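First, one chain by itself: the form predicted on its own, in structure tokens.
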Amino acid sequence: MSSTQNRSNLVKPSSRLKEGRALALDVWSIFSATNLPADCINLGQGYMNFAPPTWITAAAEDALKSVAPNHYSHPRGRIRLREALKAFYSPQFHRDLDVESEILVTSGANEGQYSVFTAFLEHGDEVIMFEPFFDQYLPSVTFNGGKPVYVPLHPPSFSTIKPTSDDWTIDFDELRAAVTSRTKIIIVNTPHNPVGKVFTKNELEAIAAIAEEFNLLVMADEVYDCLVFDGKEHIRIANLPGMWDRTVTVGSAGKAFAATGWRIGWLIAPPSIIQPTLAASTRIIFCTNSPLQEAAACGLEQAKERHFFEIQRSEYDARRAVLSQTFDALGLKYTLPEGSYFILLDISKVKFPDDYPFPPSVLGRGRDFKACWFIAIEIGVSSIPVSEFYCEEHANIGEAYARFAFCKDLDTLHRAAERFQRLREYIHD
């Protein structure tokens, strides 16, 4: 073949990549450690800088030393993990879960969600998601032919002195208006990333009523169910009257056991949802990492006797306090999260020079991108700009906030708190 032949007509990537923002430079790449100063403290990405408990990692080591866990697992998941999920979650769902038809182990919560979309979406079907939304929802929906429909959570009013995540509210008239004849699924993320909102029973009942009226499937993304603070109650929408039949609940060993790289998740739902999703998941990944399923099973089996989740919640409460007290001392508003491990800081008062040398990747984006970059470079603490979790129409809501993760050890958070003191000179009314 001649080297001078025209190559401009080579096969182009699918349009679904553009629709799902997959080709755009994403926020994780912009604010990755490779683009920031070497000593910048990473409070941006939501992964831990500490190891899972040794009694769980020991189970992974034991699995690697035996034969069966080094080979394919059943596409439904290893039976030990499914039995552990049944024992752990049956009391929470007030039913005797069936390990063969109501539990599916997935390669992380994200693959489980993707498989649900593959199993249920026809081209042009609409999926309602509350904003700000976990950014993986968008490509997972569009790659499967779905159309995202956005309903914003409304942030606290300016007059709210000490806002909490509960002050982010749903306009149910807006939600109802978003439903059309093509609506198929509504995603309910509680506790919520990045707001930290723990949806109330009244809110979930109102969502459930709409799902019942319009025959919608509900994806209940509950991966932070083990991290709820201040006496708030995590309510499962699947437990509300009539909702078990139309709800798939998503869980995550990565969030539960500080093991985000393990990619072990699970779905709990009736057979009418699990069976089609299993068919999709089997063709997408066939099966999930075998030895780490054994480790996740060990975690669930021993969590109760070790009071693991109670202790972990207390530890995260202390981590949350380090950042909240730091922001209080600076006189900056923030949303105190009642769940998950993120704090949204109101960065409207953080001022930076108009001629600051921002990189091209930040220019042309929301003000929050500039503020987060400025804080990362000048203060030495990285975060994530929240407008990334909105559609273009509503991005202005997110521009007021930066998301800081407190799933880090206390030493790291205290060092970040010390650095934040330098932010004072850039705060102006």
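Model, not experiment: these values are computed from the prediction. Start at 1 with the first residue shown and count on from there.
What comes next is about the form predicted together with a small molecule, which does not appear here.
Answer for Gly46 alone: is it within 4.5 Å of the small molecule in the predicted complex, judged on heavy atom distances?
Yes, Gly46 sits close enough to the small molecule in the predicted complex that at least one of its heavy atoms falls within 4.5 Å.
Can any non-hydrogen atom of Trp266 be found within 4.5 angstroms of the small molecule in the predicted complex?
Flag for Trp266 set to no.
Find out whether any non-hydrogen atom of Phe130 is located within 4.5 angstroms of the small molecule in the predicted complex, and reply yes or no.
Answer no; every heavy atom of Phe130 is more than 4.5 Å from the small molecule in the predicted complex.
Check Trp28 for me: does it contact the small molecule in the predicted complex (non-hydrogen atoms, 4.5 angstroms)?
Looking in the predicted complex, residue contacts with the small molecule include Trp28, since a heavy atom lies within 4.5 Å.
Between the options Arg78, Lys255, Arg236, Arg246, which residue brings a heavy atom to within 4.5 Å of the small molecule in the predicted complex?
Flagged contact: Lys255.
So which of Phe120, Tyr334, Phe134, Phe229 gets a non-hydrogen atom within 4.5 Å of the small molecule in the predicted complex?
Going through each option in turn, the one that passes is Phe134.
Looking at 362-370, 38-46, 375-383, 51-59, which stretch has residues with any non-hydrogen atom within 4.5 Å of the small molecule in the predicted complex?
Looking at the other structure, the answer is 38-46.
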